[in-house]
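The chain below stands alone and is given as structure tokens, in the form predicted alone.
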Amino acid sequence: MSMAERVPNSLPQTLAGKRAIITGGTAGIGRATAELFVEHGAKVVVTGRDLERAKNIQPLIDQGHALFVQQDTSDEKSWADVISRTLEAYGGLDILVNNAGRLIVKPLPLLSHDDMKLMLAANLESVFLGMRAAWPHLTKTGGNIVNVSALMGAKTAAIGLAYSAAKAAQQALTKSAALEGAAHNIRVNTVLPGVIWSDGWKRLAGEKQDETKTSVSANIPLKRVGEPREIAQAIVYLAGDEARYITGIEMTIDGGSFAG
């Protein structure tokens, strides 16, 4: 079934009337989350760096369920523009999904200071800036934040030093924000995806997609990689009222990898 056929009323409207910002929402987990939010009745502002990729969510835009705003999530002024556009379009904000991030994997001797600064900007500072920009508006709605981290923030890899460090710091940031947000009826949670078969892994695999998928799956207890929509389903749950007593958690979605 195509996305156009699913939108907007094929699922229970658990997010009906909710207004959300989803960063990095034109591909992979972000795109799947935007599509699923709309299916559940939300209006979404999707942000991304690449204007070309905005075509991926054109059906949502054409149907009046979404708008796209180009954004550098590590830029404070860019966040002010996204918030302004959201308020102008929808009159308020209920949910922020900090999904955008970047990955550099290099051995420590080859990791430059600029690499480390980029990882911190893309995976930590961007989340801080997003939460700070959204906070005053979420206090008005009793809204919530879902930050997309990574399993590598909790279970590090040998050559993922900068990325793992940034994601681990993001997870600490989320927990602290959850404690502060509780007084304002703002919930803040994290999802930690394991290996999710989306654009990044496909680029890494190149022409050896089937071989790579099989090799990676062999090391996962459930013997398969995840799909973006499986992470999106968890984000929908955490963003919805059914999770209204959940804040400050790290939901690991990895086919059992962390337990192994």
Ligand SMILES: NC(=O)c1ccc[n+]([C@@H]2O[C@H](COP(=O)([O-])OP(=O)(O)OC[C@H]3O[C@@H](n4cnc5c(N)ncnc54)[C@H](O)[C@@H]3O)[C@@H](O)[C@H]2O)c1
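Everything numeric here is computed off the predicted structure, so don't read it as measured data. From 1 onward, residues are counted along the sequence shown.
The form predicted together with this ligand is left out here; the points below concern that form.
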Legend entry - Answer range among 194-202, 207-215, 35-43, 57-65 for contact with this ligand, defined in the predicted complex as heavy atoms within 4.5 Å: 194-202
Legend entry - this ligand contact at residue 101 in the predicted complex, heavy atom, 4.5 Å: yes
Legend entry - Touches this ligand in the predicted complex: residue 187 (any heavy atom, 4.5 Å): no
Inset, instruction - Check whether residue 49 has any heavy atom within 4.5 Å of a heavy atom of this ligand in the predicted complex, and answer yes or no. - result: yes
Inset, instruction - Indicate whether residue 29 is a 4.5 Å heavy atom neighbour of this ligand in the predicted complex. - result: yes
Inset, instruction - Determine the residues of 65-89 with a heavy atom within 4.5 Å of this ligand in the predicted complex and present them in sequence order; the list may be empty. - result: 71, 72, 73, 74
